[in-house]
Each structure stands twice: as structure tokens, then as C-alpha cells.
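Next up: just one chain, as C-alpha cells, the form predicted on its own.
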Amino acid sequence: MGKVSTGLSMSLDGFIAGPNDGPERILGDGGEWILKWYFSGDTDYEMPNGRMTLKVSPASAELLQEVHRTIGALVSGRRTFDIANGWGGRHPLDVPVFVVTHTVPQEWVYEGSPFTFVTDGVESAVEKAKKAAGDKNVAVGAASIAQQCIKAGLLDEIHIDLVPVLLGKGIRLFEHLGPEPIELESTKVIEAPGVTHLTFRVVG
């Protein structure tokens, strides 16, 4: 059984998107700074679905390849799914996606769809994703879902691509976690141009 981990690019002041995010501006106002490192390097990195090629540093390309080959399924939230318009029908990671939602969008339900809509909570979504992933890891790809997983004790690892920019406001990755401290253990730090890749084990 693999790990359950979240991995998102984040500004130094803790935001993964700017304010006013939506289908027209997926990363919100100023949020493009968070993913600037995706397109400012000299090394081509093709995303697993083959629809997007990033230009990153060699260190970032090596890390992305290492992380992506271990992911077997993804858990996301309905808001992220809607803003991304279902990633055009195929997520960049090219793995089964389990979307936590209150209502199922029937237009996305069809034979062979890579999306499974889970209406009975994040714990159920993670359990289903684990079964689909087999020995590989489950990625958690939305701030609200990551927060729910942390609170429920479901998250094993946190990957942060820390970008040297201050957004000031927007969507925070770490909110609504309750009053108790959550201990983390730093397990990897990779310095790269425009981004520092940090990995932490969730101790409890």
C-alpha cells in the first residue's frame, strides 16, 4: 500500500492561488507567479497525459519524474474540478481521479470516465483511491481536501513547491486545521531555480 500525500506550489506566505480564482483565471489574481517555475527553465518535462510540456530546471524535472511515476490515483474536490473544467476530460497526471462532491455532475458520468464522484466524504474517497492505486501513492490535489485529510489523520506526506513570492491574499493551503499543533518531519529539501522543493512526513 502506498502513501497518501499532497503536493502543491505555494507562495512564501502560504497561498496556492490568488483571489478571484475561477474557470477564466484558474490561479486567481497574481496566482500565475506560483507556477512561474513550470515554464522558466531549460529542461523539457512532459506531463504524464502527454498534453502539456513544462520547461523546468534539471533538478525540478528529476523530482517531478520521481514523484509522478509513484502516483496511482488522485483525490480532488468538486470546486477544483469545476474550475479546471474536468481538466478537459483527462487529468495531467493521467490517473483515476476521485472527486469529493455533494452532487454528481451526470455529464461527466460515462463508461471509461477517469472520474469517480464520491458523495460520502473524504475518507471514502481516499479509501477508493487507495484501492485504485494499488501499491502506488494517492495524491491529494486541493487545499480543502488536503485540510480534511490532515484533520482526519489520512495524510502521510506533504510536498511543497515553495515559490519566492508574497501574494498577500488568496486561497491558503493550511487553514481550518483546528487548535492542536501538527508535527512534521522534514525528509527532503531540493533547491532549484525559482522554487524550493520541500517534503515532510506527517508525524501527528
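Owing to the predicted nature of the structure, the values given are computational and were not obtained by experimental measurement. Sequential numbering from 1, following the sequence displayed.
Keep in mind the form predicted together with a small molecule is missing from the figure; the text below concerns it.
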message = in the predicted complex, is there a heavy atom of the small molecule that lies within 4.5 Å of any heavy atom of residue 116, even though the partner is absent here?
response = no
message = With a cut-off of 4.5 Å between heavy atoms, is residue 133 one of the residues that contacts the small molecule in the predicted complex?
response = no
key: the small molecule contact in the predicted complex: residue 195, any heavy atom under 4.5 Å   = no
query = Heavy atom to heavy atom, is residue 144 within 4.5 Å of the small molecule in the predicted complex?
reply = yes
query = Can we say 52, 86 and 93 each have a non-hydrogen atom within 4.5 Å of the small molecule in the predicted complex?
reply = no
query = Picking from 150-158, 41-49, 136-144, 62-70, which part of the chain touches the small molecule in the predicted complex when contact means heavy atoms within 4.5 Å?
reply = 136-144
